[in-house]
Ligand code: BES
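Coming up is one lone chain in structure tokens, specifically the form predicted on its own.
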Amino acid sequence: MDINFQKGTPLEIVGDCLLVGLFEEEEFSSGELNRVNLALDGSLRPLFDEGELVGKSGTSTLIHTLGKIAPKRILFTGLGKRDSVTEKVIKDVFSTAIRKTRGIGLTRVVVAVDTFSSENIASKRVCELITLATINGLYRYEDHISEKSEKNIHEVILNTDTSAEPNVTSYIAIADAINLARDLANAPPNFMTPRILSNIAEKEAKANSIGFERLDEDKMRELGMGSLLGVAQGSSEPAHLIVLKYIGDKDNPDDSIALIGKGITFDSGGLSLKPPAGMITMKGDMAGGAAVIGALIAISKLALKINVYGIIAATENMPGGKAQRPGDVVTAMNGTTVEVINTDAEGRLVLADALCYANHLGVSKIVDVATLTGAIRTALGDQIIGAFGNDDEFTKEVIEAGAREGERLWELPADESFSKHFKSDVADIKNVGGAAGGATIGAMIIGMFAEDTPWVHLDIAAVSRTNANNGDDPKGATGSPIKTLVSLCKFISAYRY
């Protein structure tokens, strides 16, 4: 699909459909609606009077122009009241509208960009939002469906009167990275093993001038990664520590950030077996790792002046005959011993060694991303990412990075008062605490392995998948929080220089 620009009067641009935004209570204040009404011999006014053609959020009205103007159809889509319209509203409304045009078999869509803009959201920004909403909103995962969908949008034309053509190339890169991460997390677990994930990461790294290294189990044993290997030993599939390296600032090789992803390609719970219903979506327990791969690709395409490591701890968590047992003690790369109380709390175990390896590389900041706890959904619902950190300024930077791109993050406590809950009688720590504060305890266990490096943990367990179309997130994996990670690296790069 192509996204192009074309200036001029939107009613004179040939297309299968023209998309026009309407603000509530301003319908006929809109110059575009008045122009269409005039061209169609005043036929739209009765629709408005009957309450069909309105700007209320979530409404849409499809008009056939019968050859009287260049677009064959016009889809008016309601945005709500002007002072209530946010960037999220624009993306959600547009995603629904663009899916509707595809659903009726249209291929060339023109967007009257300026009808979606306001005093607070300029047309340039609307172009960026529409780019994301188009590429991400039209996403489908059909790799294993025999009869694939034949209806596809081939071209979206952005029509705007802005003096300079907006540059949406960076948002195309981000949107494509999100869809790649969705592909990885939506793939069936027999088609997304640690080895397959590693091979895809290697292929994408080579295609995007990113360094790649794969640490196998022998190398992990040599480095003392007993915590990660303990999780892996129940599976017949070998574990991989995937290491991506983007060097955008060669003059400052020691100034780098590590983005670390949990890459559990299937999580049965191990010997602490999940109930069958709880396993259905566990192919997506590697969504954090998928997001890190996607983020590195986008960062490379944006050519940011920053050095970024992407580290993905990839393994299955299975109840095989060699699986670790509740009560086992494992030793992480930094020498910390961990009593395994619950084998289904495996994310913190694999991330422990991944963080140790990041410190081994000498990075100056760490962000880890993981579908870590069900407790985060209880705390924040299914629209907000839980954020935990050991450095107030860095945590604030990460949260603000998400806010700039419409991903909501909320900081939860990660202070020493919780550490008593995961103190072990037989090892340095245990891998779970009590029933209370589950998300915080999981985060704090990971945070121990960050040591003195500024660190933020993002718990995406509640936002990594959606059970129904939700704005520009179609049903399935969401690709969260790629936008946050890229926004953070853009900020660090710009702030430093």
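Note that residue numbering begins at 1 and tracks the sequence as displayed. For clarity, every value in this text was computed on a predicted model and none was experimentally measured.
Not on display, but discussed next: the form predicted together with this ligand.
Only one of Asp344, Glu339, Glu237, Glu397 comes within 4.5 Å of this ligand in the predicted bound form through a heavy atom, and that residue is Asp344.
Of the candidates Thr371, Thr77, Asn159, Asn136, Thr371 is the one whose heavy atoms come within 4.5 Å of this ligand in the predicted bound form; the others do not. Figure note: of the listed segments 164-172, 280-288, 421-429, 78-86, the one touching this ligand in the predicted bound form, with heavy atoms no more than 4.5 Å away, is 280-288.
At the 4.5 Å threshold, heavy atoms of Arg182 stay clear of this ligand in the predicted bound form, well away from it. For the chain shown alone, Glu316 is not a contact residue for this ligand in the predicted bound form, no non-hydrogen atom being within 4.5 angstroms. Remark: Ala461 counts among the residues lining this ligand in the predicted bound form, judged by a heavy atom distance of 4.5 Å or less.
Of the heavy atoms in Lys72, none are within 4.5 Å of this ligand in the predicted bound form. By the 4.5 Å heavy atom rule, the three marked residues Lys262, Lys274 and Arg348 all count as contacting this ligand in the predicted bound form.
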